[in-house]
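Single chain ahead, by itself, as structure tokens, in the form predicted alone.
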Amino acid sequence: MNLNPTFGSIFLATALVSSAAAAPKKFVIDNQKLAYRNVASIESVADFETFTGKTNAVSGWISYDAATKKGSGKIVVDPATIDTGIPLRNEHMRSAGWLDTSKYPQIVFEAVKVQPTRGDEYKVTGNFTLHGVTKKVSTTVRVRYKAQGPATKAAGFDGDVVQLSTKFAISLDDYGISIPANAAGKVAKEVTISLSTYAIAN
């Protein structure tokens, strides 16, 4: 069947526009200008001690389409910058017996499957790498999208913005981190990882 050239051209143009409109945007996490707004933390609640380590050294990217609710992404955290509030504890945490940050300078989460659940919540399954070990993790992620406008500009963002937040628990044993006898009861075997980060359209 031969299509009328004019109709064919309109059909093709419409298809291309629809395809472009559905293409996910890439958002980049600013680890320089807006680093203070990006927070990753690790919380340990043990029998005799509770502490939270935090860092603003978060980088990476997010690919997201607000219309189709499809996305992917990669988040990288620098473990050597995590601060627990006590310098000596920070030093121990970075040492070879714990996170060994000189050998393993990155904590990475890379999404491999994103499923919308309700509202701005998604079930995200990805590969979480810590201490040189990679395990599959599933977590609930909240994604909030704001198109560029007066509100985003007033907040210091130059472009469309995606805000992402999540929290999930991991076992240190799964990542080859053993708690020595002298730290028993002071460091939990299961810790909670939290992330809140902003990314700007590239």
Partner chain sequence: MSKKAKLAKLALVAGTTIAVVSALGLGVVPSIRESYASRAILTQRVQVDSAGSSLFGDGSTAIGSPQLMIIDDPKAVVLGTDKSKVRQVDDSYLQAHKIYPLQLKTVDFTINLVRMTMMATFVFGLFVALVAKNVRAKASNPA
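Positions refer to the first chain, counted from 1. Bear in mind that the values here come from a model prediction, so they are computed numbers and not experimental data.
Although not depicted, the form predicted in complex with the partner chain is the subject of the following passage.
The closest heavy atom approach of Ile86 to the partner chain in the predicted bound form falls within 4.5 Å.
Proximity of Ile177 to the partner chain in the predicted bound form: non-hydrogen atoms within 4.5 Å are absent; the residue sits far from the partner.
Using a 4.5 angstroms limit between non-hydrogen atoms, Asp65 is distant from the partner chain in the predicted bound form. For Asp30, no non-hydrogen atom is located within 4.5 Å of the partner chain in the predicted bound form, even though that partner is not displayed. Residues placing heavy atoms within 4.5 Å of the partner chain in the predicted bound form fall in a single listed stretch, namely 36-44, out of 65-73, 130-138, 168-176, 36-44. The candidate spot formed by Phe51, Ala155 and Gln163 lies fully in contact with the partner chain in the predicted bound form, as each residue has a heavy atom within 4.5 Å of it. Residues of 181-200 that come within 4.5 Å of the partner chain in the predicted bound form, judged by any heavy atom, are Ser196, Tyr198 in sequence order.
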